[in-house]
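Here we start with a single chain on its own, the form predicted on its own, put down as structure tokens.
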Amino acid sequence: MSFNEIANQFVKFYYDTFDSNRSGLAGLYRDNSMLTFETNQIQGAAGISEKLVGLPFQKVVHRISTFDAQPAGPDGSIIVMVTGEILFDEETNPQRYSQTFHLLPEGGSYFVLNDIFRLNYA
């Protein structure tokens, strides 16, 4: 499977899971993973899961505009950058966001080593 196919599957799984059951994302992270969410940096799977599950909204919908992927080294890792719009709860005006992932191979699958999320204010 090509790095683009892997990235496509990852993006679909990540945002479908985020929008329906954020606690289901915990298995994508490891103890050495890091999330930067706006200006907050969180290290480790448990802390990242706690942050994502504890975000102050109940309903969320991501609308992906673009995503790009590149191989990131001889180990098979992949960099994925996503841009799109996000709707929270009952809001009707979406906010733009960008998110970058560094995926590392592990036992025939991939995990998220780095995850950087940022809302893009105009």
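Residue numbers run from 1 along the displayed sequence. Since we're looking at a predicted model, the values are computed, not measured.
What comes next is about the form predicted together with another copy of the chain, which is not displayed.
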property	result
Contacting member of Arg96, Arg63, Arg30, Lys59, with respect to another copy of the chain in the predicted bound form [4.5 Å, heavy atom]	Arg96
Listed residue (Asn114, Ser109, Gln9, Thr17) with a non-hydrogen atom within 4.5 angstroms of another copy of the chain in the predicted bound form	Asn114
Heavy atom of each of Ala72, Thr83 and Tyr121 within 4.5 Å of another copy of the chain in the predicted bound form	yes
Heavy atom of Ser23 within 4.5 Å of another copy of the chain in the predicted bound form	no
Heavy atom of Ile79 within 4.5 Å of another copy of the chain in the predicted bound form	yes
Contact flag, Asp68 vs another copy of the chain in the predicted bound form, heavy atom cut 4.5 Å	yes
4.5 Å heavy atom contact, Glu38 to another copy of the chain in the predicted bound form	yes
